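Have a look below at one chain only, the form predicted alone, in structure tokens format.
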């Protein structure tokens, strides 16, 4: 039976128990969120002992060589001596916040030391008590700040705190960036498909602005879906971008078409599609071969659409997906 030494204490790892489980079950607070190896918020560092390949899957090579690993994916095969990863945390300050619609909060963070990222990647936002959540970056590196779109959930610890309690000047920490869902700048003639639901718009908005800023020449089609009209946001901004750039097409969509919302649409003098977003994609774009796709938001939609696009001729290497997994607590 393997053991874990952490902060001077030694714990035995039970059968089929991860390092994260062992520490949490022994009353040791370890920041974590998805517990499925995606968000990377539970990263720890092994100073002694060997690590399994699975426990480091998805980490940067520079972190792997230093002994960092995902505690939620680590089933140790030998004794480990581990430490926290606080040196990876970067202090940030809230410098702006506002509501984008009734349940999506906009937060702007200023980082206090060098931080490299691509628009569309995600970071782990860490409160001073260790509470951690993952959010996608909607801003460009040139802005020297990080924009987040945060859906306020009824039981969301972080989202409700940010909305109701956090004030301008609040100090937090971030880790990252994580993910390969971003604009690479190559193949400027390639058509781009972007599909997202809810705050899945956040990474897509960042990727869109990056592509347009780098003078992407191919067509760019952005589909954003919500249950009803009130769930959409940045509508005017995106329609204005569509007017400014002839190669950009924006398709807001809703599942429910309510009378009150029709009146709002008429005021916009713009069309909002009604129906399932994946069906709207294929009704609008008939041939997908040779396209690059970015899919963000609801996991079921992301996984389903990824399969549909592959069957429609899109190479798996050209499909970049960011499924928004719920936190495990």
Partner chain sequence: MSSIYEQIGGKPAVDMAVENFYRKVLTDERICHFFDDIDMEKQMAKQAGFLTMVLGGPNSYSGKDMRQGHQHLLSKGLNDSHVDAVIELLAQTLRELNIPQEVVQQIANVAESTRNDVLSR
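Positions refer to the first chain, counted from 1. In this text the structure is predicted, and so the values were computed from the model without any measurement.
What follows is about the form predicted in complex with its partner chain, which we do not show.
Candidate stretches 276 to 284, 24 to 32, 38 to 46, 299 to 307, one within 4.5 Å of its partner chain in the model of the complex by heavy atom: It is 299 to 307 that comes within 4.5 Å of the partner.
Contact of residue 57 with its partner chain in the model of the complex (heavy atom, 4.5 Å): Output for residue 57 is yes: heavy atoms within 4.5 Å of its partner chain.
Contact of residue 10 with its partner chain in the model of the complex (heavy atom, 4.5 Å): Close contact is absent here: in the model of the complex, residue 10 is far from its partner chain, nothing within 4.5 Å, heavy atoms only.
Its partner chain contact at residue 314 in the model of the complex, heavy atom, 4.5 Å: Flag for residue 314 set to yes.
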